[in-house]
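In the form predicted on its own, a lone chain appears below as structure tokens.
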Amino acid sequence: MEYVIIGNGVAGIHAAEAIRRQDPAGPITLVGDETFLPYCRPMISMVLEGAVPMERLPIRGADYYEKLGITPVLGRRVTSIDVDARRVHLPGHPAGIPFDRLLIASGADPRPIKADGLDLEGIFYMRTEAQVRAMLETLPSVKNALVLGGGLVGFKAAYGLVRRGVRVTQLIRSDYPLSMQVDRTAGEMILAELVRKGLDVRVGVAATGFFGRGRVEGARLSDGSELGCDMVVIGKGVLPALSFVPRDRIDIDLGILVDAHMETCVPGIYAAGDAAEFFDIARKTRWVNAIWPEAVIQGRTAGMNMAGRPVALQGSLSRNVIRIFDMDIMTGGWVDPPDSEGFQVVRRIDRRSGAYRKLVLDGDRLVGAVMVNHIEQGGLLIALIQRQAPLRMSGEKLISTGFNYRQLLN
């Protein structure tokens, strides 16, 4: 059995390790477009802020491929997949790489923006080790930075630059920060915290173009104004990296559609991580949950199934924990469903302590939760969403867990 894995990230390496546990001798070829060792992508923002050195990024040693008997093909981006011939094509391999089992764990690419002047120096995305390394090389000459985007990437970039002593302006097209992760109440609390810490945050505004003589010197904004800056970080989210996948053969919506075994509509071809679209436990529909823990479990599950051990997943679930200056935020599941869906929402806010709690229930099942500050009980809420067990209640008491609503909301 010949295995090929597209993607050198966390989904890919956990798949390779799962395969090797089941099949000690089967050839594994791992293709990755980065040349750096497998590393912890969420930590690159900590490298930017100076909290950890670059040397701490790798999560596997220099002898990783040799120890597992993996053939690495690094610094190459896959150009196409021949489903019928069972071959993966990429530069430097004119005949393609043959496979019996294929995993597409290609991750995601930064979502592009439409703006003039994107070719100027000093404009960065923050997705890879190489991009952060380039930002660090530029930082000594940076005084004013512009960060585009109010999602997790944008916030991590803004936070890291502020910690480095750079003046930062953050543009958020939506009405409040983290609009894909939190509801309006939490978003407005986060916005107030950012302003309190001296960050210049502008909501409902976007950049339409950049200007400068070879290097970025400023940006033109959608409100007609201009803003001086000598660094721009684009953090407008990500999209699954699937340009090489034949859409006429492999079903794709936003991500590659997979079943509970991480297998696509083509037998023997699997997908996992940010490239995969899988059943969402809270939303009860397909969703791309592009987060680290999902990539780990999906990659491991795909690897076991590829090697002949049938393993099925119940579904995936979005969850995030983020610290923004002195504020802790935990979210899980479907936190802000439309009013028309008929969910029950229970919430409480304590302005004095800065704590906020929100629970979203679909009948007697918990499907979403938001916690701002004092998030110690967040793990229990995530477990309740994942289990989807009916919460039998007597008054305010959850009989099945012994957990008290009043205790949570206080």
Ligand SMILES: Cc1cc2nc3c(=O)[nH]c(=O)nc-3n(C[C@H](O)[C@H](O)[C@H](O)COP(=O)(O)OP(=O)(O)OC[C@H]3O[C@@H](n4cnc5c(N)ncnc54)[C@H](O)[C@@H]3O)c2cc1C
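Since the structure is predicted, the reported quantities are computational estimates derived from the model, not experimental observations. Each residue number is its position in the shown sequence, starting from 1.
The following text describes the form predicted together with the ligand, which does not appear among the structures shown.
**Student:** Test of understanding: in the predicted complex, would residue 350 fall inside 4.5 Å of the ligand by heavy atoms?
**Tutor:** Close contact is absent here: in the predicted complex, residue 350 is far from the ligand, nothing within 4.5 Å, heavy atoms only.
**Student:** So, in the predicted complex, is residue 365 in contact with the ligand at a 4.5 angstroms heavy atom limit?
**Tutor:** No, no contact at 4.5 Å.
**Student:** Within 4.5 Å, heavy atoms only: does residue 211 come near the ligand in the predicted complex?
**Tutor:** No.
**Student:** Just checking whether residue 140 would be counted as a contact of the ligand in the predicted complex - the rule being heavy atoms within 4.5 angstroms.
**Tutor:** Output for residue 140 is no: heavy atoms all beyond 4.5 Å of the ligand.
**Student:** Here the chain is shown alone; which of 241, 171, 216, 189 has a heavy atom within 4.5 Å of the ligand in the predicted complex?
**Tutor:** Spelling it out, the residue with a heavy atom inside the cut-off is 241.
**Student:** In the predicted complex, which of the listed residues (107, 150, 332, 160) lies with a heavy atom within 4.5 Å of the ligand?
**Tutor:** It is 107.
**Student:** Three residues, 33, 272 and 292; all within 4.5 Å of the ligand in the predicted complex via heavy atoms?
**Tutor:** Every residue of the spot touches the ligand in the predicted complex.
**Student:** Please determine, with the chain shown alone, which of 171-179, 305-313, 73-81, 201-209 has non-hydrogen atoms within 4.5 Å of the ligand in the predicted complex.
**Tutor:** The contacting stretch is 73-81.
**Student:** Judged by heavy atom distances of 4.5 Å or less, which residues of 1-21 approach the ligand in the predicted complex?
**Tutor:** 6, 7, 8, 9, 10, 11, 12 sit within 4.5 Å of the partner.
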